[in-house]
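One chain is shown next in structure tokens, namely the form predicted on its own.
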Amino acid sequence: MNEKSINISDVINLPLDTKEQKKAVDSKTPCVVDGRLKVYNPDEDNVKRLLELLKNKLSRQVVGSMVGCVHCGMCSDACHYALVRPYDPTMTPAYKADQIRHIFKRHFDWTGRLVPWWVHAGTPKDDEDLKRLKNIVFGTCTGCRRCTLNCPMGVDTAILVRLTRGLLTELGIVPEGVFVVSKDSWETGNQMGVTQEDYLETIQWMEEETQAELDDPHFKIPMDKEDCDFMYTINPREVKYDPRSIGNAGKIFYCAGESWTMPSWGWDQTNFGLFSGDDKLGGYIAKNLYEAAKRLRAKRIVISECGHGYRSTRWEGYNWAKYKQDLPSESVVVTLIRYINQGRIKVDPSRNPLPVTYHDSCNIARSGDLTEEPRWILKRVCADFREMYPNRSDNFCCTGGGGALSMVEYKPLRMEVARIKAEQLTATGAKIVCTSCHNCVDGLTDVIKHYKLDIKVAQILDLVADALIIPKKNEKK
């Protein structure tokens, strides 16, 4: 799997593209007009503004990672960018974090103010330096946090990368894709710009498809039903590109005799604020969801398969929204385990005969510690489950994390460093790679297509639905 190495200066020096920003300004897009989403203004002192924003973001957690790095190099052994390009020092996590660390030391750390040359303190000179910073933090890191687990000092490089992304987002110095997805999130309440009409029509369509599959015209996907055991929230990708996952969930809940509902508003469990570093956007999206569960008096929130949605909905969103966490939430993977354990659904692993391996989503495994539950299910619904190595919290990113799929200008570098993931997949000999994340589905699909691998991608819910034994009508609860 030899891949031609690209010239990194072509990535670092990519210009700032503002076509979408200008279109949003010209069309008077509300979130731009009222200032929720910033656009780039070359007439402002953006360096001064960045320093003001940075001052207000210096929490104990951030400062700990700013001052803790001893440049031992162990993070390089964990980063897929650095491992594939070992001759390139700009790919090391320490280098990427140093870009904001140098600024911190120059302006907020006494050592940098007194002896800047000694601690390599520095400051951006102009907007060109900020644009270069944009390409480093958005284009050369997926925020997978593998380096964090490998750091003996506990430095969280992903936090510094996200912090820097958030500062640049406030200046409108972001990739076009990040701006567009942020705009869609603000304007429609979901990151793919799915309209309310399309959402409801898709739910209706899946309801009819599932009725036919179950041979039961009374099957319903409950919408805005109050006092249910849980409110089910989904990834907008399911509406736009993979609606069968909604039907599969409904089929399983039906067989389990579940009391559930979906909200007509506040249904997006993903959150682009995690990727862009925009806490205000993160809080807006998360609050929509929490308020929906409160409005419907749901007893819990169940999150469909999505890595960053799981992380954002379960804990990060409460901080961004400053919202009291008084409702339990869980991944649908945990829900499925409960059904199998309680005998509420029955599965036949022979219906999934092909060899299956599992890809751990970074946000679910490394940040969420949900590693054994997916395997527990796969060993019961698949005839041939094989481990991928390394795995669990040590697994490599699908290369689509951190919002990378929305930033097409960095795809050549992303595909080059995807060689590690391609080699991992090939070594398993599996014909299906299963993951519990819609983002990873697209990331892995890119890898498989680029490296021409004979393997397909599936999710846990799909394999459970395929293995599901649907009770006959006289056996239903």
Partner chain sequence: MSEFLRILEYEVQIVALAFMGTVYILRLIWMFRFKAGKEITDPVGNPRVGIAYSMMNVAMPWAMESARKNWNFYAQFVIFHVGVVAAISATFIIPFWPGVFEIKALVRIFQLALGAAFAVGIIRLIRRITSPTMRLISTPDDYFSLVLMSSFFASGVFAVPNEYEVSEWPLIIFFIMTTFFLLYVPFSKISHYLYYPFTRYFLGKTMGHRGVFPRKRGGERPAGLEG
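Residue numbers count along the first chain shown, from 1. All values reported here derive from a predicted model rather than from experimental measurement.
Same protein, other form: the form predicted in complex with its partner chain, not shown, and the subject of what follows.
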{"query": "Among 346-354, 296-304, 403-411, 73-81, the region lying within 4.5 Å of its partner chain in the model of the complex by heavy atom distance", "finding": "73-81"}
{"query": "The unique member of Q61, T426, S27, N41 whose heavy atoms fall within 4.5 Å of its partner chain in the model of the complex", "finding": "Q61"}
{"query": "Contact assignment for its partner chain in the model of the complex, among Y318, Y284, F385, F219, heavy atom within 4.5 Å", "finding": "Y318"}
{"query": "Its partner chain in the model of the complex: contacted by all of N56, D98 and W117, heavy atom 4.5 Å", "finding": "yes"}
{"query": "Close approach of G257 to its partner chain in the model of the complex, 4.5 Å, heavy atom", "finding": "no"}
{"query": "Non-hydrogen atom contact R244 with its partner chain in the model of the complex at 4.5 angstroms", "finding": "no"}
{"query": "Any non-hydrogen atom of R311 within 4.5 angstroms of its partner chain in the model of the complex", "finding": "yes"}
{"query": "Touches its partner chain in the model of the complex: R165 (any heavy atom, 4.5 Å)", "finding": "no"}
{"query": "Residues of stretch 347-374 in contact with its partner chain in the model of the complex (4.5 Å, non-hydrogen atom)", "finding": "A365, R366, S367, G368, D369, T371, E372, E373"}
